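Below you will find one chain, with nothing else, as structure tokens; this is the form predicted alone, and questions on how it binds or moves follow later.
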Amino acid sequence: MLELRAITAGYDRRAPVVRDASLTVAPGEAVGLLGPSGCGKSTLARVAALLHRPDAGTLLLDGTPVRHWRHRAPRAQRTAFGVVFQQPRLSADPRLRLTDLIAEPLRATGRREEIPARVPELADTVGLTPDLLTRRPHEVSDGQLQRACLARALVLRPRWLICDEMTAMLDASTTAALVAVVEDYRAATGAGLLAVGHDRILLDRWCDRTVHWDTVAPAGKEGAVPATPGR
């Protein structure tokens, strides 16, 4: 179980972006977090993925409180999450070929021996042809680069996926393809999903339930209202 309890977080303690937000995602469950741009949902997603330390509140992973974030978190916790961001060009090292981009987490965790088999397997899964793997980010489209970023998120076989506006910059066909990849992965592994977005139709079709993020004050006093059925 992934549980966020009364999370307050932001980038300035005097003006938090998120206040007292709570959310749960069960193993195998797909939860959509719906809200307008700037409401704080991406910050909450970063907290959930251990990428941003909250100012207050508790994050529990399988009932155990998380004590450390980013590189200070234990490897078992860090590698339990796969994250796909909205803008692939901001989350990809422009110097890396796509094959190296996908393999990056394997190298970082000392699992280089898995690269020759794992990278081609995932490239095929996300729809990247071998010729694209030799290119760098500026040599491919946004959709192709986001496919590589999704492959990178899946390469360590995470138990939790955080998709933060993953499809916001993509056309309809690429959106459908990447959502299908995520759903096939979840069906095969039982991974939980937190999908952040502002497209209610997409989230309702994609997720088991959708939680609406209602901005109640301009100074960052946001909170999630009760979940509504997604399907």
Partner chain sequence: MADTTVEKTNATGAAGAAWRGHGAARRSTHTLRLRVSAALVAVTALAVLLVPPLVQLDQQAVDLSAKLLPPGWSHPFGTDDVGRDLLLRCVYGLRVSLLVGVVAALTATVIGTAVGATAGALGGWVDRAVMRLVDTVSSVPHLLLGIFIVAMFRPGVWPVVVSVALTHWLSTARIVRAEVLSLRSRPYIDAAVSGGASRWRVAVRHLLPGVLPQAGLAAVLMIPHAMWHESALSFLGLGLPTHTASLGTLIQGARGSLLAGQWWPTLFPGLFLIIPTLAIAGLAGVWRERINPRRRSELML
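Positions refer to the first chain, counted from 1. Note that this is a predicted model, so its numbers are computed, not measured.
Keep in mind that the form predicted in complex with the partner chain is not shown, yet the notes after this line are about it.
Task: the partner chain in the predicted complex: contacted by all of R78, D100 and A108, heavy atom 4.5 Å - done: Verified in the predicted complex; spot residues all in contact, yes.
Open item on the list: So, V83 and the partner chain: in the predicted complex, are they within 4.5 Å at any heavy atom pair?
Closed with: Heavy-atom contact with the partner chain at 4.5 Å: present for V83.
Task: Contact of L51 with the partner chain in the predicted complex (heavy atom, 4.5 Å) - done: Output for L51 is yes: heavy atoms within 4.5 Å of the partner chain.
- [ ] Check whether R95 has any heavy atom within 4.5 Å of a heavy atom of the partner chain in the predicted complex, and answer yes or no.
- [x] Taking the distances in the predicted complex, the answer for R95 is yes, it comes within 4.5 Å of the partner chain.
Task: 4.5 angstroms heavy atom contact with the partner chain in the predicted complex for R157 - done: Heavy-atom contact with the partner chain at 4.5 Å: absent for R157.
TODO: Look at the stretches 26-34, 183-191, 58-66, 43-51 and give the one with heavy atoms within 4.5 Å of the partner chain in the predicted complex.
DONE: Of the options, only 43-51 has residues within 4.5 Å of the partner.
Open item on the list: Do any residues of 129-145 have a non-hydrogen atom within 4.5 angstroms of the partner chain in the predicted complex? If so, which ones, in sequence order?
Closed with: Going through 129-145 in order - heavy atoms within 4.5 Å of the partner chain in the predicted complex - there is one hit, H138.
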